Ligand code: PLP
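Presented below, as structure tokens, is a lone chain in the form predicted on its own.
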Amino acid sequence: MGNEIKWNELPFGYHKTDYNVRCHYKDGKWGEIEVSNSETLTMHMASTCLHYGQECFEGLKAYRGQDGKIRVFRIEENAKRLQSSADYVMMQAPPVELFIEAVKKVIKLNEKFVPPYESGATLYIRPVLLGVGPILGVHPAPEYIFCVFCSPVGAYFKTGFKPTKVMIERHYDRAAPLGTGHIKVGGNYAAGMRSGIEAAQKGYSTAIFLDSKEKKYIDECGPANFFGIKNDTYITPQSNSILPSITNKSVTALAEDMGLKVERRHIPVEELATFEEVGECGTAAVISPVGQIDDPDNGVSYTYGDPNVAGPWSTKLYNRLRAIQYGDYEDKFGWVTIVD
């Protein structure tokens, strides 16, 4: 039962909830949303999602406010990004309205699993779109399953909102410049998994990927977007192989609103030495400050402020974003949807 969960001890991992929802695309149209208590999906063994990676997914969170209301953050942006991902890999995406209805429904069905206010935990929601049906050649699937499930989760990093140590990855690429790095498909995460595991084995929280063409510029920061702050400017990479993070898009807007200039451009590796603060941001990590970046191949290390305390701007941005998500600060951007 939800009330038996030790919310402040939750890891960032899967925890069974009561229900999920599914919707099937067949014969050129989407069917009705179905509610299920099964944790399994049935599909043909020749489905394109299994053989050719024709799938995409999203991740978003629901928050219980001090007023007891449940809020979900920028749900329409997630719906639009799923459509963008699906279009690129030739899939039939659910309409925005169907996406929003399905997410709201799975939240309401599992309302008891939405963690209490200030528990340190949230309800993570995972919409996933799968190409199914018997296809042997490399062709788009004839049918699709859109499924939404959820799980209460703790902080992505065990240290919480404290600086982590990361390393620069020079031996592997996460995505090609004109590949799928800019969309949210499983292949990107599979390609980055080896780097993430090897980084963890060496004592790092994640690995920073460089551009795959010249190995000169900062690209993705593990499963999140990179940012650096200096001279009252919030700087984040410009790259065709970076996933357009909804969190980073939001933090960028907050940075401007709070008086920072914003630059989205190439960031040379050498510029790491000039930043006052560095961090990564995404739905899972929210904002995670970085206290040290090591470049093992070149024997170089960059450090930022107190290794145990997040920098002032990272802290301000994190607190403002969280306050909006929980309903503690005015949502003048219209980002939050109350689930009732």
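Treat the numbers as computed from the prediction; the structure is a model and nothing was measured. Residue numbers run from 1 along the displayed sequence.
We do not show the form predicted together with pyridoxal-5'-phosphate (PLP), though everything after this point is about it.
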Look at the stretches 91 to 99, 135 to 143, 220 to 228, 158 to 166 and give the one with heavy atoms within 4.5 Å of pyridoxal-5'-phosphate (PLP) in the model of the complex.
220 to 228
So in the model of the complex, does residue 290 come within 4.5 Å of pyridoxal-5'-phosphate (PLP), heavy atom to heavy atom?
no
Interface membership of residue 243, pyridoxal-5'-phosphate (PLP) in the model of the complex, 4.5 Å heavy atom rule
yes
Residue 247: heavy atom within 4.5 Å of pyridoxal-5'-phosphate (PLP) in the model of the complex?
yes
At 4.5 Å between heavy atoms, is residue 189 in contact with pyridoxal-5'-phosphate (PLP) in the model of the complex?
yes
Counting any non-hydrogen atom inside 4.5 Å, which residue from 62, 281, 56, 310 sits next to pyridoxal-5'-phosphate (PLP) in the model of the complex?
281
Taking heavy atoms and a 4.5 Å limit, what residues of 151 to 182 are near pyridoxal-5'-phosphate (PLP) in the model of the complex?
174
